[in-house]
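Shown below, as structure tokens, is a lone chain in the form predicted alone; questions about how it binds or moves come after it.
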């Protein structure tokens, strides 16, 4: 059924937002709305301008018979900086402080409003990089990985510290805990979860000593795969040398005082990685 331009624009925008990093041929829209390709091209020009102006992302046009349009949901640096400041305002509060100097994040990891922004911000760092999979370790990193994977349009895999019969055969490694160098722990991944030769982004909620991320790096190497980056929500205070150095963090916990229940959080090194 032939549709009005206003209806086409709404439906087309929804389709693009639901299919990031997917090359969509103009013929798909042309047939769907029973409209000429020239009309579809004009519609996409309007969408492209609006996306760029509103900081929603940008549309990449691929010319030729096999071409089409692709939605890249990349945030600009100004919007990411504003988002990081929102995170800082949310976390610089005594209610976030837990016994032992830990910071409470679980409510944010269960809130779609925060998760969408976290996922899109982290994914923006890797928009121009070939990524085949996003990896995290159970359990708190799972919603982060899922959100990042959506915006990159790739699968996400979950590393576990205990065996699950439903995982089938697994690859396991022992690693040294970064926060307690005298403690050796184990993590494993199903052999079916990650293809050999994959390019992987690691995400997690917190970084302290770096042992968990270092363990995932070793596990990725067992699949003859490559780590293209590691990003965490926040790096915590750590006295000593971390076992992993190449990472980015949205936030940095600068100071925690459990006696007067104060916490100081600032921007991490993530912003410097965004062009």
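Numbering follows the first chain given and starts at 1. On a predicted model such as this, the values are computed, not experimentally measured, just so you know. Between two forms, the rigid core is defined as the largest C-alpha subset superposing within 1.5 Å.
What comes next is about the form predicted in complex with a further copy of the same chain, which does not appear here.
Novice: Considering only heavy atoms, tell me if residue 197 and a further copy of the same chain come within 4.5 Å of each other in the model of the complex.
Specialist: Flag for residue 197 set to no.
Novice: Is there a non-hydrogen atom of residue 56 within 4.5 angstroms of a non-hydrogen atom of a further copy of the same chain in the model of the complex?
Specialist: Heavy-atom contact with a further copy of the same chain at 4.5 Å: present for residue 56.
Novice: With the partner left out here, check for me: in the model of the complex, does some heavy atom of residue 263 sit within 4.5 Å of a further copy of the same chain?
Specialist: No, residue 263 is distant from the partner.
Novice: Can you tell me if residue 32 lies within 4.5 angstroms of a further copy of the same chain in the model of the complex, counting non-hydrogen atoms only?
Specialist: Looking in the model of the complex, residue contacts with a further copy of the same chain include residue 32, since a heavy atom lies within 4.5 Å.
Novice: Looking at 130, 185, 167, 89 here, can you tell me which has any non-hydrogen atom within 4.5 angstroms of a further copy of the same chain in the model of the complex?
Specialist: Spelling it out, the residue with a heavy atom inside the cut-off is 167.
Novice: Scan 150, 83, 175, 126 and let me know which has any heavy atom within 4.5 Å of a further copy of the same chain in the model of the complex.
Specialist: Contact with a further copy of the same chain in the model of the complex is made by 150 alone.
Novice: Note that a further copy of the same chain is not shown here; using its position in the model of the complex, name the residues of 125-148 with a heavy atom within 4.5 Å of it, in sequence order.
Specialist: Stretch hits, in order: 139, 140, 142, 143, 146, 147.
Novice: For residue 261, decide whether the Cα shift between this form and the one not shown is 2 Å or greater, given a superposition on the rigid core.
Specialist: Residue 261 C-alpha, core-superposed: shift of 2 Å or more.
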